[in-house]
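This document starts with one chain, in the form predicted alone, laid out as structure tokens.
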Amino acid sequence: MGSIARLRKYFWGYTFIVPAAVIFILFLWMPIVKGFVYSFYHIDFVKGNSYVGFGNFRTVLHDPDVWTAVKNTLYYMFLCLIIGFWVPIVFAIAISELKRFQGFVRVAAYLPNVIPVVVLYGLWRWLYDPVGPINATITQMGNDPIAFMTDTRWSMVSLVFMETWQQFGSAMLIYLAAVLSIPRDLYEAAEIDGAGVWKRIRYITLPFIRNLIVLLFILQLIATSQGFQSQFAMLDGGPNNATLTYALIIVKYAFTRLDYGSASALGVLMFLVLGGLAVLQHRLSNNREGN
């Protein structure tokens, strides 16, 4: 009787949840389950699928391009951390210290984030062009121009700089909200005690946003491990596979080689690794809440 009464009480709530749940299952969990299933099959839409066991996994693990993609992805993640991870933190702290024009600077810092990617890629292709403004400045300083897009040493670095410029605004706003939530009394007391800007940042700001930094660090690892869009749109994995990432080689297996089984196997391996990172992030969150 209690269950029926509860069902009647929450009937309309359940009614509104059902469509979202159906969409969630159809377009998220069913593809995941099918990906696991297809990873054990050779997919042929004409002759039919044939079971190959772990053959797809052996195929991809013995493909040198896959290991190149893994290495490039790790390199991309590393570059994003050392080049881009600290930028929103620095901007958030710097903006929080401003006494005037804080609102204008917030908007200016976030504007690159709203630029459509088509415009963004066209803009940076022009900036990175051998006769573009960046190389023009370099040559005026007496140095040789840099082949940002065609030199394997610079191609991935160039993409990371472009993405950092575009995307740091959203993370910056999150950090800024956390910094501005710190009680002002702490800063005022520190100023009375003679603490300068650097000491206030070191002993007040950073300890208060430490948990947020750890959370966004894990989220950035997960996001950058799936790097695909700029590598595909700007260079299609080139030059000489220098920007071939793991997510990009999955796409190439599926839509260039038409080997959907091996592409599914690659996706399963990525799912397991990212699932491990998600579990790590969850445990870190629980530990922080426990403390």
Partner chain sequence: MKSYDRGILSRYDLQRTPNKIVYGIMLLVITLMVCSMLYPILVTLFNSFKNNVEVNSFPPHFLPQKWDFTTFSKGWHYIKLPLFFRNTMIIFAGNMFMTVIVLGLASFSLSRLNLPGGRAIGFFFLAALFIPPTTYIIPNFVNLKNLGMLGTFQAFWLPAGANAFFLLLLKNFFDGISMELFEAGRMDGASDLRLFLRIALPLSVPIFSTLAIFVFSTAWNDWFWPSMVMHTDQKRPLATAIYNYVINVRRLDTNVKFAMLTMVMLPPIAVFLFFQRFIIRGLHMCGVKG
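Just so we're clear, the structure is a prediction, and the values are computed from it rather than from any experiment. Positions refer to the first chain, counted from 1. Take the two forms, find the largest set of C-alpha atoms that superpose within 1.5 Å, and that set is the rigid core.
Unshown form predicted together with the partner chain; subsequent notes refer to it.
| query | Does the partner chain come within 4.5 Å of any heavy atom of V118 in the predicted bound form? | reply | Contact check for V118: yes, within 4.5 Å of the partner chain in the predicted bound form.
| query | Would I32 show up as a contact with the partner chain in the predicted bound form if we use heavy atoms at 4.5 Å? | reply | Yes - in the predicted bound form, heavy atoms of I32 and the partner chain come within 4.5 Å of each other.
| task | Decide whether T243 counts as a contact residue for the partner chain in the predicted bound form under a heavy atom distance cut-off of 4.5 Å. | result | Result no; T243 lies far from the partner chain in the predicted bound form.
| query | Is there a heavy atom of A263 no more than 4.5 Å from a heavy atom of the partner chain in the predicted bound form? | reply | Because a heavy atom of A263 falls inside 4.5 Å of the partner chain in the predicted bound form, the answer is yes.
| said: Counting any non-hydrogen atom inside 4.5 Å, which residue from L74, I82, I213, A108 sits next to the partner chain in the predicted bound form? | reply: Contact check passes for A108.
| query | If you look in the predicted bound form, which residues in 12-28 sit within 4.5 Å of the partner chain (heavy atoms)? | reply | Stretch hits, in order: W12, G13, Y14, F16, I17, P19, A20, A21, I23, F24, I25, L26, F27, L28.
| field | Rigid-core frame, C-alpha of I204, shift of 2 angstroms or more between this form and the one not shown | value | It does not, since the I204 C-alpha is displaced less than 2 Å between this form and the one not shown after the core fit.
| query | With the core lined up, does the C-alpha of A190 move 2 Å or more between this form and the one not shown? | reply | Yes, shifts by 2 Å or more.
| message | For P19, does the CA position differ by 2 Å or more between this form and the one not shown when the superposition is done on the rigid core? | response | For P19, whose C-alpha is compared between this form and the one not shown after core superposition, the shift is 2 Å or more.
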